[in-house]
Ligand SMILES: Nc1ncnc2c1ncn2[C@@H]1O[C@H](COP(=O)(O)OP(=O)(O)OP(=O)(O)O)[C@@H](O)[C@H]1O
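Before any questions on how it binds or moves, here is one chain, the form predicted alone, in structure tokens.
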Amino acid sequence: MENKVMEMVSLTKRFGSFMAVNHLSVTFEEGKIYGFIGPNGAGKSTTMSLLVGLMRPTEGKAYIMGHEAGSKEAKRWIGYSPEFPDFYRDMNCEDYLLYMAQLSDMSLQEAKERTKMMLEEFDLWDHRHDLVYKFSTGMKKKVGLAQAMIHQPKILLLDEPTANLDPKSRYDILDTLRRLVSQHHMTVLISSHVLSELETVIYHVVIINHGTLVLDRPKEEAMKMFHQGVLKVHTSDDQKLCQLLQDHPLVTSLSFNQEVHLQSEQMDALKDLLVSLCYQYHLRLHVFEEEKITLEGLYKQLMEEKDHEGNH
């Protein structure tokens, strides 16, 4: 894979007898946003800590731009914003970002320029002289993101980047990520529980559960795999329509609650039948659409399947 920027090869982390990360093997490509999904305790934060080099793996390896995770060379390429960033109590916002920039081997002048840019990018300029530890949770989140991006990394790891933010700030951060990926071909790995929000920004889905890989596919491909195949219909006489379709061989499932919901293994043929019936019985069509599975629906379906397997 020519544009591979990060790779996990059988990455494993145990804490005593507890397997937090279980032989994960995933490859990440340049210029794409990845959604990293799983229930609490699935191993997401531990995996990110391994990629950043905050922990060492029990087995396996991770590579950042070809360098082993945790090495000085790897750290140059990566930016990380944890779910709960911690800050020095005696540093204001500007000094903190300036300090973090200089830790990345920037000259003082370059560090000052990047700090000013990040303060403006995240709407923190008016708070630059305020102590960071006194900021609200949402404001701290912005500062954490700013420090993760200050050295212009090739790869961003973001653990719950929009948690505790107001709707406008959430939108602004996601918009910033889209722009960074587009302009600088960055690779972003986002762990988030807000799947409806994540769905709007990611290209690829990585799902783990109990430290084990469950799904690793492009989002659109995953959606097609778990396509619901449900047709939602609302006409001028839904009861009449239900009577006409009740025992039809094309219909595998029929339910009626304000709208008619139909399932079929031959969706195109069912659509043709519906149009024909509406014309034949003078039914006006108000709603006629195929329901698409959401990222949340896909996630729930996968987790239910895993739970079902685990119970047998």
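For every residue, the number given is its place in the sequence shown, counted from 1. This is a predicted model, so every value here is computed, not measured.
The same protein has a further form, the form predicted together with the named molecule, not shown here; the description that follows concerns it.
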property	result
Contact stretch among 24 to 32, 243 to 251, 42 to 50, 257 to 265 - heavy atom within 4.5 Å of the named molecule in the predicted bound form	42 to 50
Proximity of L295 to the named molecule in the predicted bound form, heavy atoms at 4.5 Å	no
In the predicted bound form, E160 touching the named molecule (heavy atom, 4.5 Å)	yes
D237, heavy atom within 4.5 angstroms of the named molecule in the predicted bound form	no
E83 within 4.5 Å of the named molecule in the predicted bound form, heavy atoms	yes
Residue (of H129, H193, K134, R179) lying close to the named molecule in the predicted bound form, criterion heavy atoms within 4.5 Å	H193
Residues from 8 to 37 in contact with the named molecule (non-hydrogen atom within 4.5 Å) in the predicted bound form	F15, F18, A20
